[in-house]
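Read the single chain below, which is given as structure tokens and is the form predicted alone.
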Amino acid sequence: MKSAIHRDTWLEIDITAIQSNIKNIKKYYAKEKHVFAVVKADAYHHGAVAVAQAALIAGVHGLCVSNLDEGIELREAGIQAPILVVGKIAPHYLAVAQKYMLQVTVSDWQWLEQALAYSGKPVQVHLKYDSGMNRLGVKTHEEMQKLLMTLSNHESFEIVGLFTHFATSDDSDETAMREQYTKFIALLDTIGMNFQYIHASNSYGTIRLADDERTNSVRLGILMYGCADEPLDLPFTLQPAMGLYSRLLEVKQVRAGEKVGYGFTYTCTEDGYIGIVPIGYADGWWRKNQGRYVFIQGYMCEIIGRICMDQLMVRLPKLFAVMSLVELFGPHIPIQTVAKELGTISYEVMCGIDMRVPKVFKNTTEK
């Protein structure tokens, strides 16, 4: 993590909000299950190490990452909890996975044929079943039985988990999700084998399948960060953990008829003031945010003109002081609102913020 911040644009991460969300979800929906906190993609850009440490303190059992390097980062930070790589790794990296004690995903026979050449210390694996999403995973009971039999007879692999992934768990219509769940349970019944970890539910699945007694683990992602793009009826309030802020770098007076920005796409309709904010598309604040609003000093202020690589301009209702706080999303502009207005999901907005935007961690010693 960066030791200092030398620019006036930053992400503010509230660690205690993440911990509160975890504790509440565990209390109401996953009290008897192993909770794996999903910290892939730099913990949805909240800071993987800081979030992983906080999540473990809050009571999660393990962590999920997307690739080996994400897992290695956590191990090198001193984290000892179980870490599952939910993505697919190349077979020739199995020795690396074993060195860092990372659990890996086995999702097809072609991969396993190559992996059988590995003869090092045992690597823990989770088998992936494709219950309908048509992403990673084997699609038939026969294929899964073949994987199980082969791995069980290979001393360099230890089977610890079986899982699937829901495609529509955030949909208020639960029909498709429950169809996938039924297929997964049918697989369990066919196999007739116990696993240390059996998991199907992501965040929304954890809530919607709270009555599930056949799995013993869940993977907690977006809800851990206090964000729900689709409404949920919860007995507690999710606490958003991320805010994006900047400051007015310069304020200038403009006259009616003057143009603003590249391509002169905005014309001032009256005399007034504009502010220049040091954030742009190189920071992940895309040009299509033009015409949206930011929050300054109690006012919603329109982003005018084309967003530049490093800066944008806003129309001000009155003269504001230089260095006034600018909220791009936070308590006054929820990230879900930003995502909806951009025609996307909050995940993409979070993960789209560039790494050059520094993080400030609230309620933690992490800096």
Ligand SMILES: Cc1ncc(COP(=O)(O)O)c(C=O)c1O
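The structure displayed is predicted, hence computed values, not measured ones. In this text, residue numbers run from 1 along the sequence as written.
One more form of this protein should be noted, the form predicted together with this ligand, which is absent from this view; the next part is about it.
Proximity of residue 221 to this ligand in the predicted complex: non-hydrogen atoms within 4.5 Å are present. Not displayed here, this ligand is kept clear of residue 124 by more than 4.5 Å at the level of heavy atoms in the predicted complex. Residue contact check for residue 86: one or more of its heavy atoms lie within 4.5 Å of this ligand in the predicted complex. When contacts are judged by a 4.5 Å heavy atom cut-off, residue 208 does not count as touching this ligand in the predicted complex. Remark: all three candidate residues (40, 202 and 347) come within 4.5 Å of this ligand in the predicted complex, counting heavy atoms only. Note that among 213 to 221, 151 to 159, 108 to 116, 90 to 98, the stretch whose heavy atoms approach this ligand to within 4.5 Å in the predicted complex is 213 to 221. Exactly one listed residue, out of 259, 288, 255, 135, brings a non-hydrogen atom to within 4.5 Å of this ligand in the predicted complex: 135. Along 43 to 57, a single residue, 44, places a heavy atom within 4.5 Å of this ligand in the predicted complex.
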